[in-house]
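Quick setup: one chain, the form predicted on its own, written in structure tokens, and binding and motion questions come after.
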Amino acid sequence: MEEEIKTLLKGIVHPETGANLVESGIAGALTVDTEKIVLTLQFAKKRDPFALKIKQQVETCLKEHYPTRATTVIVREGTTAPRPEPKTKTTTGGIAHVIAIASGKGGVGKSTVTANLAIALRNLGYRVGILDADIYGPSQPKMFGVEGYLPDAVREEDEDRIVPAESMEIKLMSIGFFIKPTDALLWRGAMAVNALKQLIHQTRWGTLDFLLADLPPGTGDIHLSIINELKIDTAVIVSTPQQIAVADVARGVELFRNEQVNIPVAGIIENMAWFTPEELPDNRYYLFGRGGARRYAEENGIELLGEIPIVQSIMEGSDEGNPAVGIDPRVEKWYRTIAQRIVEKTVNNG
């Protein structure tokens, strides 16, 4: 009967490696008697995002084939179970830290925050890259004025490498370099995930202190794919003060706090916190409410990394391909403080 069960387990494949549970060594100790089946699944990663899904698949399979026996599936993570080598060699070995920039909903300025945070980190002396992972709305090419860039491919170590764009000393890779703006809307989830894997593992990133991953809004397959493909050190959540935006923050936070993901959340950035007219630099108008993200952060034990107001230079910088941190000392000051806090959490406490 044990051989029968192993044959069934060969029909369940780990999405990352493409290997079945027996080949990969995930299927561990198995105990079978007339009343019960006990199986241990041993995952090599300390946080394997597919562990829960695979556990459920195994339970369903065993219960269908052996309905009279009690089935127990035990999950162990961070073990020394053998893992097949990834099918694709990766170019991410020179990246020291990966920061995911996420938002619960669209329209909160997440990509603008990512671009300006990259410049702030550069100003602190770090080597920085951006992975524009917002497949359905890539905007980093416009943020950095490189919309017309066509990536070259070079041959290195018998592998094809994609040369990223470079603007303001930031290395930048985006699906937007390869498609028309309307094309992404037609992509199915699997197509988007496969494209992202290629950008992650084949881009010639070189040596970076920080790679910022600009994620799509919400939570879904693309987020899980990036979490699986990159060793993310920490996540930053972007919100506006509106209650509806703050309510969506909770979903983003829970994604990273999920026990199968377990990525630390560095904190929340409240974007569009207030409006300051150019002619009245000391005035603040709270157009979207006041302090919603701050209250959420305090109630949930998360740090508020900073508040970014609406000022004309930020909007103009995004439109003109010149992030405001590089041209407006006020904006640089706000983002420098946020960048320093993120560095403290990822480097000094890493």
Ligand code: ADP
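The first residue of the sequence shown is number 1, and the count goes up from there. What you see is a predicted model; the values in this text were computed from it and never measured.
Beyond the structure shown, there is the form predicted together with ligand ADP, which is absent from this document and is the topic of what follows.
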(request) Check whether T112 has any heavy atom within 4.5 Å of a heavy atom of ligand ADP in the model of the complex, and answer yes or no. (result) yes
(message) So, V32 and ligand ADP: in the model of the complex, are they within 4.5 Å at any heavy atom pair?
(response) no
(request) Would you please decide whether V108 lies within 4.5 angstroms of ligand ADP in the model of the complex, comparing each non-hydrogen atom pair? (result) yes
(message) Even though the partner isn't displayed, in the model of the complex is S318 close enough to ligand ADP, meaning a heavy atom within 4.5 Å?
(response) yes
(request) Counting only non-hydrogen atoms, choose the one of 287 to 295, 305 to 313, 60 to 68, 22 to 30 that falls within 4.5 Å of ligand ADP in the model of the complex. (result) 305 to 313
(message) Just to be sure I understand the contacts: of N271, S167, S225, T203, which is the one whose heavy atoms reach within 4.5 angstroms of ligand ADP in the model of the complex?
(response) N271
(request) Please pick, from I237, I119, M173, M143, the one residue with any non-hydrogen atom lying within 4.5 angstroms of ligand ADP in the model of the complex. (result) M143
